[in-house]
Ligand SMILES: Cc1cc2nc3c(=O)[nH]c(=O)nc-3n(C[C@H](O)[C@H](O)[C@H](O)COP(=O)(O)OP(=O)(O)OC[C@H]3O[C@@H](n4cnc5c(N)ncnc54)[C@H](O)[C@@H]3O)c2cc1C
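Just the one chain here, laid out as structure tokens, in the form predicted on its own.
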């Protein structure tokens, strides 16, 4: 059995010392939220998923979901875990009060993702999708649909999916063939096939509410002609659910490298009754509202699985003795020293640890920005909108890349044991490997960042980011102890400005140049964001030290900041060289030589 301890102390540090979330809550109108509530809810949710979700994670991987007689049967323990989740009301906590929730801020919802993913990623994606469907319903559905669907979806009594991809098209959704035929009663009949539908069918809930992209008969060509429809598995006429399936069927579930507990379905719609969400031909924009939220949740997958992989590699390392310290034996009474005496073992463990701590700070910051985007006004809202636009592709791509790296390093620390199923860590690597592919591949995210989000609003998005960073750098230029963190941050920010100008200038004449450098630019961008956040965290710890209030936790956090700037941040120099190398060595390579 794998070990796991939710990083509660880290979240308290981020919430109350780095970001002062209680002040943010008061400013945004979350008057019921105070430090005690935040800490209790974070602790109790983490304990819930540890006690209720984690025990079935191994069986989810071992037995997986099964397709029998056209229906998906969940892995052992999943139904019981989901039933307790619904009864506990945890999912509703982040929903509106009129739908049974507490109206908690979104930064808490973001923080909920990490322990949920660490404990059972297969169940966590069902929760994330259902909350995403809830968001779309309350924002875009008719009042009649809201009244019928919002409460059961918010509680998890009914679950949700997003149905985009079709057999002949992936990212290029303008090619979809699924049709929506209008009916006299205002509904539509949906016909088509969708693939790669996460949790497209299961036995966890009484109903499944699909959000389906389809085209009306008079739809314009391409993505401009896509509309979004709510299509339930079972119809509800107000007197209860029908016992007849609403024209949906599962023709297969994918055999996957990992995430076996989550059924990835081929889903057929055969004149399935559905309802238009909002106006016709606006489906892409609405679905991207959900997709962008899921991209942030996917970024947290890199963190959640990287963290539990690290914790298990560390636990194994503390018990493992192998070889001797190169500077002389440490334990004279044992045949070998503990492997933590070896610099390379420390390098791998610390890289995983520091990456997790940095992305946790990034996820927390983004959660706060989501609240400011939704409940702020004026300059606050404008700033949050700009930063969320920039940071969404970065969080999704950067965090999932280094999540895979952290899981891989954890296996490497454990050697052959890490590669064996018995110790559980190899599952975390197999499960997290989908994250760089999910919700738009990381290559697509990088192109979105450099080709769209950076240039959006004539570059205003980037100015909203760079100005506060430069102000932070200037404010801390003379602060005792900050030069170790402030100087490389300044170099990184200047480099980001220069690389952005280079890609814009060269890319305008040759888009291959821009596309060739996009992934490395996204990584550089992510490293720079973590450099900023590590500098902020270091400043808090140095201030505590100066005030005489620092603890061992603050000392450890300062040490982690030093590791980041010595071990990870220098990668930016190599990324600069690769971006400046351009595209010619890639595009001039003869096809026959591949």
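Predicted model, so just to flag it, every value in this text is computed and none were measured. Positions refer to the first chain, counted from 1.
Just so it is clear, the following notes concern the form predicted in complex with the ligand, a form of the same protein that is not shown.
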Taking heavy atoms only, is residue 88 within 4.5 angstroms of the ligand in the predicted bound form?
no
So, residue 330 and the ligand: in the predicted bound form, are they within 4.5 Å at any heavy atom pair?
no
Please run the contact check for residue 113 against the ligand in the predicted bound form: heavy atoms, 4.5 angstroms, yes or no?
no
Is residue 234 a contact residue for the ligand in the predicted bound form, using a 4.5 Å heavy atom cut-off?
no
Okay, which stretch from 78 to 86, 139 to 147, 504 to 512, 444 to 452 lines the ligand in the predicted bound form, with non-hydrogen atoms inside 4.5 Å?
444 to 452
From 117, 190, 313, 163: within 4.5 Å of the ligand in the predicted bound form by heavy atoms is 163
472, 275, 423, 196 - the one with a heavy atom within 4.5 Å of the ligand in the predicted bound form:
196
Could you run down 418 to 453 and flag each residue that has a heavy atom within 4.5 Å of the ligand in the predicted bound form?
434, 437, 438, 439, 440, 441, 444, 447
